[in-house]
Each structure stands twice: as structure tokens, then as C-alpha cells.
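Just one chain follows, in the form predicted alone, and it is written as C-alpha cells.
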């Protein structure tokens, strides 16, 4: 059974611990601008929503890559960018409907969440439990849709 990140925006305080942990794990620096998870603030900071790659089953980024630099990690299920193959064309950034594949101008390659090899540091660092790593059955499109329907009922 694969696991996924489950994000609960109601618990997010916009502390940026997830962004710092991600940037340090993946880039070796504490720099939110280099993080693969981002915090969007709404209503002048009154609401904060963490967002990152949802590891879509359809994986449009994977299918769009002309050099097949995005592959599925069989152990974690994560769609991962192989930097040695990536040519930095950015087609995957356009294909992603959620905007969670980004271009790293330092490397000239694209970056996206890879679940830190099964130990996502954003979830480890989150002090409020707004980001947790759970069985994939607890996340996904149907859950998001049901939640949206509940909030608008």
C-alpha cells in the first residue's frame, strides 16, 4: 500500500516549517523559495494552505515529458524527476494542472515532490499536523471532491 501526503488547511498556521524542512532535505539550504511544498496565504494571511504535488494517478507531468525523465518509484509510488535525464524543457510544468512542478533556475531542471523517499520531511516538521503521511486510501481526488461538496452544502 502506497502512502500520500494528507493536507488539512484548517490546521496550518503558516509557520513555514514544512518549506524549510523541504528545502533543506532537497537543496541543502533553509530557503522557502527552494521548497517543493508551498504555503499559499489567503485573506491577508488569515488562511494558509500548504500545497505540493499530489502524486496524481494520471500523472500528466510524467506523460508529457518528451525524454521520460519522470518515472514512478515502485516503492513509494512517487512520480520522481531524474535530474540526469531532465533537459529542463518545462513541458511537465505546463502539463501539471495544479502547478506543482517547478523549474529550478540553479540547476536548469524541474523539481517536484518525491515524498523524500518515503519519509517526507514536510510532514515530519509540521508542528500542527496539517501535513501527515497516510495510506493513499485516505487522500486523493474523491476525498477532495467530497470535502468541497460538504463545504458548499
Partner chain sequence: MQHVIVGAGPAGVIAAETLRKKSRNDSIIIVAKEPYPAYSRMAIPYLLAGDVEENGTYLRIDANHFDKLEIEIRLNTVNRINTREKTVTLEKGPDLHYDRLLLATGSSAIRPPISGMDSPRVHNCWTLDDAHRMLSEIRARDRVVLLGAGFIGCIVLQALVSMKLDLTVVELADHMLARMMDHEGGKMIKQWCENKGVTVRTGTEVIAVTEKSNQLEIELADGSTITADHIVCAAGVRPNIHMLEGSAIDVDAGILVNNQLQTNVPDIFAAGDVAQGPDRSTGDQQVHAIQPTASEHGRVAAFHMSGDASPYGGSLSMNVLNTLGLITSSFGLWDGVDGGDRTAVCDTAGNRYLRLEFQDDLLVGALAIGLTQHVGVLRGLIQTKVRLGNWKKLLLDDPSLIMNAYLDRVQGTRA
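Residue numbers count along the first chain shown, from 1. Computed from a predicted structure; not experimentally measured.
The same protein also exists as the form predicted in complex with the partner chain; that form is not shown, yet it is the one meant from here on.
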The partner chain contact in the model of the complex: residue 112, any heavy atom under 4.5 Å
no
State yes or no: in the model of the complex, is some non-hydrogen atom of residue 29 no more than 4.5 angstroms from a non-hydrogen atom of the partner chain?
no
Can residue 128 be called a contact residue for the partner chain in the model of the complex at 4.5 Å between heavy atoms?
no
Looking in the model of the complex, any heavy atom of residue 56 within 4.5 Å of the partner chain?
no
Residues in 36-50 with any heavy atom within 4.5 Å of the partner chain in the model of the complex
38, 40, 41, 42, 47, 49
